[in-house]
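Take a look at this single chain in structure tokens; it is the form predicted alone.
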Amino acid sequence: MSGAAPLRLVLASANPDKVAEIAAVLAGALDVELIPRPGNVPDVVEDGATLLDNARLKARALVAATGLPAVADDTGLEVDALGGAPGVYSARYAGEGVTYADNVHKLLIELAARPAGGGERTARFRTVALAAFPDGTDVWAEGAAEGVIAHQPAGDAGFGYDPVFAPRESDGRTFAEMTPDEKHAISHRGRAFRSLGAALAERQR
């Protein structure tokens, strides 16, 4: 990539928490210029059946709106005791337009209603990260983090379900109790975007 211009990618997400994580991880993986999502682009209806479907829908919408390559992701929390829910519906588990706290509250209520037993709080975060290009091609990667759902929220960092997700590879802390660097090193989104960054760097060669 010597002498090559940075890869310009429009961010499909307008969520500042997610954008900060994507920027931090991708910047360490390849030479990239991330362009904020234009304010006049409407929200994309995420009606795909899978995380990959939704990531592709979002990225393609930004390619169509800007004519530039775009990057998107979709993330789901899969809780074993709930049959893999909330999964693809994680961001709107408690309904449309809800807060992070609303979703966490519903999750804890649902788990509290389950019979007690070993392993019932095991879960995983899964992220699909995808870059779409104006020529119709795309590149995508997946990342996952295994863990358990805590009985109550802990920590003030992170976002979404981070206060109740304790990754297996940590010392018992939730993602919300970790520094950004600690989280990125083992998180689903960190793994997905590092893999995507490597694939995009190879594509640029």
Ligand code: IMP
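C-alpha atoms forming the largest set that superposes within 1.5 Å between two forms make up the rigid core. As the structure is a computational prediction, the values presented were derived from the model and not from experiment. Quick note: we count residues from 1 along the sequence shown, nothing fancier.
There is another form of the same protein, the form predicted together with the named molecule; it is not shown, and what comes next is about it.
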Requested in this report: Look at the stretches 61 to 69, 159 to 167, 132 to 140, 31 to 39 and give the one with heavy atoms within 4.5 Å of the named molecule in the predicted complex.
Outcome: 159 to 167
Requested in this report: Report whether the minimum heavy atom distance between K18 and the named molecule in the predicted complex is within 4.5 Å.
Outcome: yes
Query raised in the report: Would R189 count as a contact of the named molecule in the predicted complex, using a 4.5 angstroms cut-off between non-hydrogen atoms?
Result: yes
Requested in this report: Answer yes if any heavy atom of A91 is within 4.5 Å of a heavy atom of the named molecule in the predicted complex; otherwise answer no.
Outcome: yes
**Report entry** Partner contacts in the predicted complex for 47 to 78 (non-hydrogen atom within 4.5 angstroms of the named molecule)
**Finding:** K58, D73, D74, T75
Query raised in the report: Does K18 move its CA by 2 angstroms or more between this form and the one not shown when the core is aligned?
Result: yes
